[in-house]
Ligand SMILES: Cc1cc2nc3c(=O)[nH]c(=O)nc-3n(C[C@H](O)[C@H](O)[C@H](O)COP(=O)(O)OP(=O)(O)OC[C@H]3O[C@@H](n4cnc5c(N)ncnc54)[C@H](O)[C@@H]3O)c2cc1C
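Single chain ahead, written as structure tokens, the form predicted alone.
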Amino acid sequence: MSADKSGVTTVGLRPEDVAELRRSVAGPVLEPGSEEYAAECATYNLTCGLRPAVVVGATSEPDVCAAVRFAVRHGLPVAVKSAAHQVVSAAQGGLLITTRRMQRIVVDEQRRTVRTEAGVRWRDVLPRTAELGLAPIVGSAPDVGVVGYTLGGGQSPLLGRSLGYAADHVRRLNMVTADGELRRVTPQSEPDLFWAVLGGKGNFGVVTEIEFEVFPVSRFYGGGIYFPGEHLAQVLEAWRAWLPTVGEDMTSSIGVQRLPDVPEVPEPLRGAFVIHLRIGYLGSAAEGAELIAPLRASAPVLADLVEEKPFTAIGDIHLDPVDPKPYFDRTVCLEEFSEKTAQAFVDLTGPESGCTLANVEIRALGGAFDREPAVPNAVPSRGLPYVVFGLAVGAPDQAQPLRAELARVMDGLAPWTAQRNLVNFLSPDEATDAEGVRQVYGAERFDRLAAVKKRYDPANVFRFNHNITPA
């Protein structure tokens, strides 16, 4: 094994090996050093680069089968990339399969289902389902990939508290396992694999197609309200007291944000320290306005963007950034958000804290997030009422102080922190070993996942992830 001029670790692939791979797939086969390779390996988080030994741009399920078989024959571990919003490893020395060319979407209005191939993003699905008055369980950022989001659970800021995780409503998966075989995975055909993949993320193979339920929802009342940051304590207390009074058709979160001073951010928010209260409500606008009146009155308002919206505007709830940027992040789940927890949160992130993080948000879960679906899956976060996500924006040369600030804030919440976590929120710095992954899932669930891993991927071919090691 050696490194070429680009710094990519190679594995002794001969030109004739790569030529063989090119003959076996319809999509491009890319090697380090070319502009096409760099573009194919591009990620959303610019601090998490991908440096595989070779890339296959899959166009179909046969391409994926051929790529996996080639990788196994040549002793290469396999990574998979769609939108690349969650990259755990650089895939150094491995084979990367990219799925962005696999874009088929089929909406079945009668069955209320959607089938998508592996490269589809939610932004592509939303207009198709909206035409029929239907809605998928999509997350806060419609720019992410459908498959990766769903395999990690899929937490929606609008439908989750009433319908559960996106993974709870999957009907079928097509996937290529480590033996290079394409499998149709359903609760009836391969129940253990179906259970494990939904929540187990990318540990068990390459999902090439997914079929899931959609629901008759066409609009919502929601968006964000911005308050000056110095009022954090009173907004948090109002929110904490308000949460037990609302039903499962209301979902909310609070972000403590230090916004950049850039033209893309409108006044009066540009460069400001703010509280971003997010609202997603399925009832009428009149009912929603009445419900959130105590929150609107909790502090002076800088900007109020909560209104009646079409479901396709679900991204307006969080207004997550779309363009790639360099950042570091950490996540914890909380077992409670008491008065003491809220005070600690203010001390760690508020106006006197010295906090430099771009965003620290707390999302209220509960409701259907806590209920087992009709067909159980491996999603490990049921019963956890809150998730806290911290984001530090900066280049790799700032890694040490940014990670230290993330640690200060997240470790400061330790008295209320659970060991389990939301898989989709995990960063490359979290659950970095087998024990860490075991804690995320809980011992019983992890042991079952490891047994399924041993059956379908005994050599741990799919290991560029928060890895579930074979039992």
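Residue positions are given as counts along the sequence shown, with the first one as 1. Small disclaimer: the values here were computed from a predicted structure and weren't measured.
Just so it is clear, the following notes concern the form predicted in complex with the named molecule, a form of the same protein that is not shown.
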In the predicted complex, does residue 253 have a heavy atom within 4.5 Å of the named molecule?
no
Taking the shortest heavy atom distance, is residue 44 within 4.5 Å of the named molecule in the predicted complex?
yes
In the predicted complex, does residue 207 have a heavy atom within 4.5 Å of the named molecule?
yes
Give a yes or no for residue 327: in the predicted complex, does one of its heavy atoms lie within 4.5 Å of a heavy atom belonging to the named molecule?
yes
Option touching the named molecule, based on a heavy atom within 4.5 Å in the predicted complex, out of 303, 259, 141, 182
141
In the predicted complex, the residue from 172, 85, 123, 112 with a non-hydrogen atom within 4.5 Å of the named molecule is 85
Quick one: find which of 243 to 251, 319 to 327, 278 to 286, 344 to 352 has residues within 4.5 Å of the named molecule in the predicted complex by heavy atom distance.
319 to 327
Within 4.5 Å of the named molecule in the predicted complex, do we find a heavy atom from each of 145, 155 and 201?
yes
Select from 358 to 395 the residues with a non-hydrogen atom within 4.5 Å of the named molecule in the predicted complex and write them out in sequence order.
363
